[in-house]
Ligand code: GDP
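Heads up, the chain below is alone and in the form predicted on its own; it's given as structure tokens.
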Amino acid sequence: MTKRIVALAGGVGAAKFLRGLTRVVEADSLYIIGNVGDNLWVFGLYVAPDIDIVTYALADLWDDERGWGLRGEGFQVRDGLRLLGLEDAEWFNLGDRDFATCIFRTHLMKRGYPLSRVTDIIRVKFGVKSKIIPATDNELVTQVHTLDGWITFEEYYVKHRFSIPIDGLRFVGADDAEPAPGVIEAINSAHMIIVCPSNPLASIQPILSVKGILEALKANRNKVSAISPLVGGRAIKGPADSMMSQLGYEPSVAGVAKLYREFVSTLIIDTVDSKEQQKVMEEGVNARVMNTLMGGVNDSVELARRVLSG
């Protein structure tokens, strides 16, 4: 029997790692639980940024240099919306084929299909063999608190380029969010669970906020390894380090270990942070040291191999 691997995934860092992982294991043995906290309604469409990045990456169509969307993408629809004066088009970018994905998703959801079913249909149409499951079919929105009040994470990340101060984080809808079909079963039947190198606060915590997921991970803690998204106290991409600092967490591998210690038994840290190994272990989490930087697919493959070897 093929050993099932489960991954908790955000966007860019997860996509890079998973692209390597699917070259090391049988793709259909991999179950990816995706973050939905970034999802938003814009242009009248339901957009799922992290899930789409992972889907495009595993379909080998992702524009990894830009970090989102599809390679060779055009932007005629966006440019047309800008000419018409649609405010959202000034800050939220979707390429033409990306628009098509979101139109298709919205069409099915308005016909009553749950997000998990729509996600499965889309990944099959893109030829992705690994299962991609949103953490929940319920709407769950990550928001940060700024001097002007609460805004969505996408507004903070894309519109404001995470340049404004924040002092709060919440997941609207978490109280009612139930895990999507297959999520808990995947965790409980996994041979290994990997928390991808994603923002602990904006990508992983929204998944954990869904009823039953954290409890299932705690019950399987000995199977859970996480890859630190911080190297030398800095995020490779995105606001993980600044968010942690502003919200009262130490932006370091020890800080990541403290956030994860309830449900993660091993934290994989970069060689740059090798001197921090003892601090990670003081949080009750084992530490493995290896090169975690992924400059290309070969690096992702090598990292995946080493993670699995533990």
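Start at 1 and count along the sequence shown; that's the residue number. Only a predicted model underlies this, so the values are computations on that prediction, with no experimental measurement involved.
The following text describes the form predicted in complex with guanosine-5'-diphosphate (GDP), which does not appear among the structures shown.
* Among the candidate residues F92, Y157, F171, F99, which is the single one with a non-hydrogen atom no more than 4.5 Å from guanosine-5'-diphosphate (GDP) in the predicted complex? -> After the contact test, the surviving option is Y157.
* Hey, in the predicted complex, does L18 get a heavy atom within 4.5 angstroms of guanosine-5'-diphosphate (GDP)? -> Contact check for L18: no, nothing within 4.5 Å of guanosine-5'-diphosphate (GDP) in the predicted complex.
* Asked: Given that the partner is absent here, does A240 sit within 4.5 Å of guanosine-5'-diphosphate (GDP) in the predicted complex, heavy atoms only?
  -> Flag for A240 set to yes.
* Distance check, T292 to guanosine-5'-diphosphate (GDP) in the predicted complex, heavy atom within 4.5 Å -> T292 belongs to the contact set for guanosine-5'-diphosphate (GDP).
* **4.5 Å heavy atom contact, T119 and guanosine-5'-diphosphate (GDP) in the predicted complex** => The answer is no: T119 has no heavy atom within 4.5 Å of guanosine-5'-diphosphate (GDP).
* If we take heavy atoms and a 4.5 Å cut-off, which stretch out of 214-222, 99-107, 196-204, 139-147 is in contact with guanosine-5'-diphosphate (GDP) in the predicted complex? -> Partner-contacting stretch among the options: 196-204.
* To do: Scan 228-246 and write down, in order along the chain, each residue with a heavy atom lying within 4.5 Å of guanosine-5'-diphosphate (GDP) in the predicted complex.
  => Residues within 4.5 Å: S228, P229, V231, A235, I236, K237, G238, P239, A240.
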